[in-house]
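Starting off, we have a lone chain in the form predicted alone, written out as structure tokens.
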Amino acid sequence: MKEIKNEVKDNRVNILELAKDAKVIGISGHMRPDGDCVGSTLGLYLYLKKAVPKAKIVLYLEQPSDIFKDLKGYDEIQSDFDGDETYDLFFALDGEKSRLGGAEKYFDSAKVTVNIDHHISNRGSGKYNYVVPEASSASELVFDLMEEVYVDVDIAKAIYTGIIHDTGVFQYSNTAPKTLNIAAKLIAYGFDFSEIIDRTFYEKTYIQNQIMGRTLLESMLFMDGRCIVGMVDRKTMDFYGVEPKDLDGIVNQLRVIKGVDCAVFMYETDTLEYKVSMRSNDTVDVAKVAGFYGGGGHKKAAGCTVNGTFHDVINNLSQSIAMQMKAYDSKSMT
């Protein structure tokens, strides 16, 4: 655990000790919430409602994908950030406070703040920080901090959902024995775990498959075929009627193409502005690449926002990727 900016010297944050006297508790996760963000925040939300019943608990997130609508508490998520509430205790999950979007102001004004995350780029932005880059997911860390006597099937489903999304259903290298042990504990609560995997991870709408197919068709190999890039511009998104959440999974599909060490997927968010997602194997540390542009993430999965034309962006990214490849190739030859 990183103890940077952490006023607690223990390796773990005692959630219930912090929450026992709080009358109003807030929770939020990063903008454009993914499966881990949704799973960890909902899991903590349901846990605190059960363990601290006298407190008012509020969960703020940008509207998540409706693939998560069967998780308990989904309909209670607040996506309106216009209020000026001051919280006794506020949790930022799966990212540092600057990624909270509209909820950052609640974090800043809260009396006590807690930051729980697994991104290596996070230096800790709360009064109390539980940042463990080796963990598979924020959901795994939230479960770490729970007293299991309060865990029930709905909490287990939320945490399990978060873990499967950030481990690629236990395919990614961030899957550790501890991760699988936690998953075993969770499915012992008796929910249909295979249905959650199918519905939230693999299942795509017809339009989502169309936009993925078009991106794959128009993708380009570079770096002697070791890298691939796919891009969707605003005009194409409007034509298919898709939103950013409909683009999930495209970068992972690019990554599994034979011979590819690094996959880059970009979509246009504004004039001369692109949201970039990257996936890699051990050859490229994409967290370092993203870091050059103010982004971050993990060694094999990271993202950032870059300004310029499509060709400007990919040329700039190529330089950083090439540096990583050169360093890896030199090391491999020694």
Ligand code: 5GP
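What you are looking at is a predicted structure, and each value in this text was computed from that prediction instead of being measured. Residues carry their position along the shown sequence, with the first being 1.
This next part talks about the form predicted together with the ligand, which is not shown.
A heavy atom within 4.5 Å of the ligand in the predicted complex is found for exactly one of S219, Q253, S121, T236: S121.
Comparing 269 to 277, 51 to 59, 66 to 74, 38 to 46 against the ligand in the predicted complex, the single stretch with non-hydrogen atoms within 4.5 angstroms of it is 269 to 277. The closest heavy atom approach of E96 to the ligand in the predicted complex falls within 4.5 Å. At the 4.5 Å threshold, heavy atoms of P33 stay clear of the ligand in the predicted complex, well away from it. Although the partner is absent from this view, G303 contacts the ligand in the predicted complex, with a non-hydrogen atom inside 4.5 angstroms. The ligand in the predicted complex comes within 4.5 Å of no heavy atom belonging to G26.
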